[in-house]
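Shown here is one chain on its own, the form predicted alone, set out as structure tokens.
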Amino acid sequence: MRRQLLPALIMVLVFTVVTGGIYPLVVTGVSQVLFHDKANGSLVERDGQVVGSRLIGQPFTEPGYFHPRPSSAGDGYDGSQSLGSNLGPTNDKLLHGQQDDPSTPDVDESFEGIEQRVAAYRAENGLPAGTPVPVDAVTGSASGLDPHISVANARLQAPRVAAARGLPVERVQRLIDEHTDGRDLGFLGEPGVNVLELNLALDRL
């Protein structure tokens, strides 16, 4: 019994030290040296103040800013409550929304579905009825924290942003192009526009 117990205890101690101490310290040290910005959250600063992270979206609602995709994380882009709607693509609630039940005044069951979001997006951006709306403009990501929108989404918002800021639409469109991230590794995913960085660039004009 002792012959088996002692080696087992030694192995537990060794692996605890290696995996619980040495390995995390080495990984932390390497990441701080080689990937300092990313390891610390890819924080974005303006005038010396942290205004957000390049990796986590945040709500923008004013007409002079580009708006992010919808978020189901808490009240929107809450990093401590990261989640999607968990509703399937044929779910009636997701497609058509849900009204609040007046019989339960203490609980708000209302839910804005894609149908309502499409109508609101067109109205907000002055788009004619029937204008195709990018899917990312009316659906949230799985995490609810996606900091990017599609290029198509950004271009449809450009006239509203330009009008609110008194800028030529062409200038705003060029800014979109300048802040479009390419595909990961050159072939994964789709190009996207980081909303926070684009809006900060607008403020710098």
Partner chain sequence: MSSASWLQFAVLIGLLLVTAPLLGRYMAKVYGDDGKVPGDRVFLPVERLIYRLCRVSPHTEQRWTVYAFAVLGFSLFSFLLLYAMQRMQQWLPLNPTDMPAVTDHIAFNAAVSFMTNTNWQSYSGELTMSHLTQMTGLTVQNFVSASVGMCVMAALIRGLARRRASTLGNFWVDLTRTVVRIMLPLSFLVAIVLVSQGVIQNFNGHTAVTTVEGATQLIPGGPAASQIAIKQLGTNGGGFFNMNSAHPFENSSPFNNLVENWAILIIPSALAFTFGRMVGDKRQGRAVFAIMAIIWAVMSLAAMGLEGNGNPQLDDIGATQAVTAEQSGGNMEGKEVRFGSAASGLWAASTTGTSNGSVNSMHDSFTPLGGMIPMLHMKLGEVSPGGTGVGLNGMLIMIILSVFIAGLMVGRTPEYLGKKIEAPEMKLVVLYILAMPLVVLGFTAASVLMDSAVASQNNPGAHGFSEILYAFTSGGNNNGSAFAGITASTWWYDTTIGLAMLIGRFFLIIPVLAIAGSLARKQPAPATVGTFPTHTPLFASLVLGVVAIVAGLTFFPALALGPIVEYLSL
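Positions refer to the first chain, counted from 1. Just so it is clear, the structure is predicted and the values come from calculations on it, not from any experiment.
There is another form of the same protein, the form predicted together with the partner chain; it is not shown, and what comes next is about it.
Chemist: Quick check on V26: any heavy atom within 4.5 Å of the partner chain in the model of the complex?
Modeler: It does: once the partner chain is placed as it appears in the model of the complex, V26 has a heavy atom within 4.5 Å of it.
Chemist: Is there any non-hydrogen atom of E45 lying within 4.5 Å of the partner chain in the model of the complex?
Modeler: Output for E45 is no: heavy atoms all beyond 4.5 Å of the partner chain.
Chemist: Tell me, yes or no, whether P59 is in contact with the partner chain in the model of the complex, where a contact means a heavy atom of each within 4.5 Å.
Modeler: Taking the distances in the model of the complex, the answer for P59 is yes, it comes within 4.5 Å of the partner chain.
Chemist: Consider T104 of the chain shown here, and say whether it contacts the partner chain in the model of the complex, taking contact as heavy atoms within 4.5 Å.
Modeler: Residue-level check for T104: no, no contact with the partner chain.
Chemist: Are there residues in 76 to 101 with a heavy atom within 4.5 Å of the partner chain in the model of the complex, and which are they, in order?
Modeler: Counting only heavy atoms within 4.5 Å of the partner chain in the model of the complex, the contacting residues of 76 to 101 are Y77, G79, S80, Q81, S82, L83, G84, S85, N86, L87, G88, P89, T90, N91, L94, L95, H96.
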